[in-house]
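This document opens with one chain alone, in structure tokens, the form predicted on its own.
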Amino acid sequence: MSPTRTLAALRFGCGLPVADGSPDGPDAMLAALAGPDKMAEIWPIMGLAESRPLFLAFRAIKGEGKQDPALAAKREALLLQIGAQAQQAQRATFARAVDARDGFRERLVAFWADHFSVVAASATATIYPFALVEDAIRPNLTGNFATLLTDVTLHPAMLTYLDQISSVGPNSQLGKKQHKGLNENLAREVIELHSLGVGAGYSQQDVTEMAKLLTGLVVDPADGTQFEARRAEPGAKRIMGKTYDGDGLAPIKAALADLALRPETAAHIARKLVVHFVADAPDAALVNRIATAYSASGGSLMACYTALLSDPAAWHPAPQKARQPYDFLIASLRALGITGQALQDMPYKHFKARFLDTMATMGQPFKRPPGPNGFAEAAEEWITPQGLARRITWAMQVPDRLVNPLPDPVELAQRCLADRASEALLWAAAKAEDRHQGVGLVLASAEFNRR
């Protein structure tokens, strides 16, 4: 296997082996990304529109007859259905990454889902983090960042997670009546995390004005995002030197589009892409070339991906990134030959114990980042004594519960690492006491845990 094909699978994809015909270089990877989203078709996940009947039914009985056993049972049944929907989404997310020919797409989805981190705040919102991906991220993966930023910002998952639904204009009709005020969470993260980046020259006044602009946004569990004029702060708002006025969503969308086109946003997005895919200490020239492509194209994400993949600096052979726990598990499943269908057929209690609970013990609870800034990127956050112990334990104990018989350890190393498999690792795999130990050595190795 060529070094480029190996890098395509390990650094920019979900791991080896890859199926025949999988994209193995920049041009093929970009062509696949521009094509149909096959994994979303094969392993569908419900967005909020498909979930609407459940939310409608729950809203209809939410406050009625709390002492009525029949209604209580119905509420519990609906919560179980919502929970089952989230469980199906968990499996499908893993299945997509395990089965994907164009692993770069799945990696990008995970990157943007982390960039726009949300956490389910209640039992009825367990589907929200997955719906955000289906409704706002995957459809906009190759489009314009302004559209992506707008769709994510206005999605009920983001509005709920960052408490926008509690924000009221102090001088609005409702604010004066109920003496309520602003919540700046969403405004701050839109500016600080999602667009310009920390320390990009904005002021507290910009955050406050953005918070005023966002007032009026509310979430109806059944009907999604709505705009209530009685909650909106009246008057013009001035953000980063520009004034926005008017009613409804139009001024909000205009402000988001302007934030997306700022040079600080170009630099922030470019740096995050390089840090995520290439190196914790990013090459400044590579970051600059991606930022230039972003600005010159008006925020085209495909232009950014093209600049990233076409630059020789992104294909440096030395592995400079650590696989995060989710990436480690996905790569392990691919190495062992586990399919998406096998994950779907697995009893949920086993899926949860072997993968979701494992991720939590490794410090990356699935779809539950510690804050709106997502999970850490730096290798030292993941390659720790405790983190390595968890990986070794999983590598030694779980594979034989997934595959019977276990593969030959040397063949496994050659299959999942190709030319990255060192002579020392191949020797150790060959000398292992048994396949159980040999497979564990391969999956716990430094070569396997870096990309």
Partner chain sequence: MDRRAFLRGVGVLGCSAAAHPFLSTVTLAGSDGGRPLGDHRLVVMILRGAMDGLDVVQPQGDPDYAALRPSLLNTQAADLDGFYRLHPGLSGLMPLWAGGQLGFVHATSTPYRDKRSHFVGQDMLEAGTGMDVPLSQVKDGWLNRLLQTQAGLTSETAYSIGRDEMPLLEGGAEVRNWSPETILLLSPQARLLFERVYHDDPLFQAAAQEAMELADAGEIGMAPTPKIRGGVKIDDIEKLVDYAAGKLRQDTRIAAFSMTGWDTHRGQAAGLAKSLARLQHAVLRLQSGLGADVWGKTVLLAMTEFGRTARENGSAGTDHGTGGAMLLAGGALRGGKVYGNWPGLREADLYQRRDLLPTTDVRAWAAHTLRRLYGIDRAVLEGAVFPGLDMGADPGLLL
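Numbering follows the first chain given and starts at 1. A quick note: this is a predicted structure, and the numbers were derived from the prediction, not measured.
Only in words, not in the display: the form predicted together with the partner chain, which the text now covers.
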*Given that the partner is absent here, state which listed stretch (385-393, 408-416, 36-44, 23-31) has heavy atoms within 4.5 Å of the partner chain in the predicted bound form.*
385-393
*Within 4.5 Å of the partner chain in the predicted bound form, do D99, V109 and S297 each have at least one heavy atom?*
no
*Only one of G216, P282, G340, P372 comes within 4.5 Å of the partner chain in the predicted bound form by heavy atoms, so just point that one out.*
P372
*Among the candidates R262, K180, R368, H316, the residue which, in the predicted bound form, approaches the partner chain to within 4.5 Å (heavy atoms)*: K180
_Close approach of S172 to the partner chain in the predicted bound form, 4.5 Å, heavy atom_ = no
_Contact flag, L425 vs the partner chain in the predicted bound form, heavy atom cut 4.5 Å_ = yes
*asked:* Taking any heavy atom pair closer than or equal to 4.5 Å as contact, tell me whether E76 reaches the partner chain in the predicted bound form.
replied: no
*Should V198 be counted as a contact of the partner chain in the predicted bound form, where contact means heavy atoms within 4.5 Å?*
yes
*Which residues from 322-361 come close to the partner chain in the predicted bound form, meaning a heavy atom within 4.5 Å?*
A360, T361
